[in-house]
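Before any questions on how it binds or moves, here is one chain, the form predicted on its own, in structure tokens.
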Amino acid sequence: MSAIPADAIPRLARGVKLREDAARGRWVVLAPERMFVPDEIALEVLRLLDGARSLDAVVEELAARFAAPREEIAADVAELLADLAARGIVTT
């Protein structure tokens, strides 16, 4: 997995959608011929990928929202996004 720079602007890849499945009461990520259910942490990160915020801004928002150490959040978010980028879910 390659690291995503802090100033990169991550977003969902073309054709990938984050949708609420109201019938089942959960959020899903829909991609061409794929679907997965993100856990609570991944969902919080994915909701912030608006195509305008940098990775650093996403980390700052999460650190403020959850009153957690920025360094820990930065490492976790970077790892998550690198994994999702390798799967074609997230792009920069």
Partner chain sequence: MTPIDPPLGLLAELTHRCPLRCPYCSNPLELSRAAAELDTETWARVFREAAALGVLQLHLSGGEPTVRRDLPDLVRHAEQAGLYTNLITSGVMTDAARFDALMQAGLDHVQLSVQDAEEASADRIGGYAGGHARKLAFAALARAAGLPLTLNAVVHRQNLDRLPALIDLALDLGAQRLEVAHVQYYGWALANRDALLPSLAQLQAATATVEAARARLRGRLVIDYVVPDYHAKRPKACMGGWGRMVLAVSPAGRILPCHAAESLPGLTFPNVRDTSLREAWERAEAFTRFRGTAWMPEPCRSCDRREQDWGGCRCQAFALTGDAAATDPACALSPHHALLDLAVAEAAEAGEAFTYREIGRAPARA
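In this text the structure is predicted, and so the values were computed from the model without any measurement. Residue numbers count along the first chain shown, from 1.
What comes next is about the form predicted in complex with the partner chain, which does not appear here.
Although the partner is absent here, G51 sits far enough away that none of its heavy atoms falls within 4.5 Å of the partner chain in the predicted complex.
Put simply, L30 is close to the partner chain in the predicted complex: some heavy atom of it is within 4.5 Å.
Mapping the unseen interface onto this chain, R26 counts among the residues with a heavy atom inside 4.5 Å of the partner chain in the predicted complex. Under a 4.5 angstroms non-hydrogen atom cutoff, the partner chain in the predicted complex has R34 among its neighbouring residues.
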